[in-house]
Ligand SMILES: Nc1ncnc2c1ncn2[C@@H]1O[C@H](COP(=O)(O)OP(=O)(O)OP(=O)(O)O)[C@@H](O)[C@H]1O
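This document starts with one chain, in the form predicted alone, laid out as structure tokens.
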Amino acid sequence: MTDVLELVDVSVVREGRALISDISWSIAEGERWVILGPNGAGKTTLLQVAASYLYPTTGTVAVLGEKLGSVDVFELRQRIGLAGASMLDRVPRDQTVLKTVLTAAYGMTATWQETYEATDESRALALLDRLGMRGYEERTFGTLSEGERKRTLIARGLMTDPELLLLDEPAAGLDLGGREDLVRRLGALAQDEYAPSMAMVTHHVEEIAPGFTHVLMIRQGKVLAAGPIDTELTARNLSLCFGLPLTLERHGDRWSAQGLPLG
């Protein structure tokens, strides 16, 4: 398999503090990765590097065979789908759901004077349907619930038929029903052999959808464990990652974790 992402000894330092440190990690074609870790571990920083929005202070990064620093990132980003909290504030609240998805075709978040083909609109509608948003296309983004916004942004991330899809805490802020609906849809996507390679940041093992194949655990900016989810997602690794004793249970193709009682 071909690597769609490869980081070698990557560090990102800001104001003298390492946000991530000496990370080596790769995603092969067809793999679906979960990135787990506590707040401040460097998960979002890592995803921003993978998306070409952050350059490493040291180390090398190759995305889709292109080395950061020697490639036009604006062209590269058209091959990467990105959905996350950072996108929420960039989408105009009065823009329709359909236009929000369509703008990804031009690498924009707001419409200006661009024109779209009928095939663009058909693809956008099909993606909205897949994410449970058909019938919402004329609703404005600002009137959507948190879950509806997240599903719209994932549809937007898929608009350009990317080779790599990066999801930053897609279930954050959702209630139980919203989370389970999103996990179900992400599971269908992850198990689709034609879907892009994926990496998803989360804090919670309960948000890992069926079909995700690998896990990367980071703590204090460093890799703690990385590899197939069946062997690396263990109670021991999870406890080390989050800094307290945890139990881990698997129920079919879903996971749950909780802390051990005190005393």
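Quantities reported herein were computed from a predicted structural model and do not represent experimental measurements. We number the residues from 1 along the sequence you see.
Absent from the display: the form predicted in complex with the ligand. The rest refers to it.
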Legend entry - Candidate stretches 57-65, 36-44, 23-31, 232-240 - the one whose heavy atoms come within 4.5 Å of the ligand in the predicted complex: 36-44
Legend entry - Residue contact check: Leu246 to the ligand in the predicted complex, 4.5 Å heavy atom: no
Inset, instruction - Indicate whether Arg14 is a 4.5 Å heavy atom neighbour of the ligand in the predicted complex. - result: yes
Legend entry - 4.5 Å heavy atom contact, Lys222 and the ligand in the predicted complex: no
Legend entry - Asp181, heavy atom within 4.5 angstroms of the ligand in the predicted complex: no
Inset, instruction - Flag this candidate site as yes only if Leu19, Glu169 and His203 all have a heavy atom within 4.5 Å of the ligand in the predicted complex; otherwise mark no. - result: yes
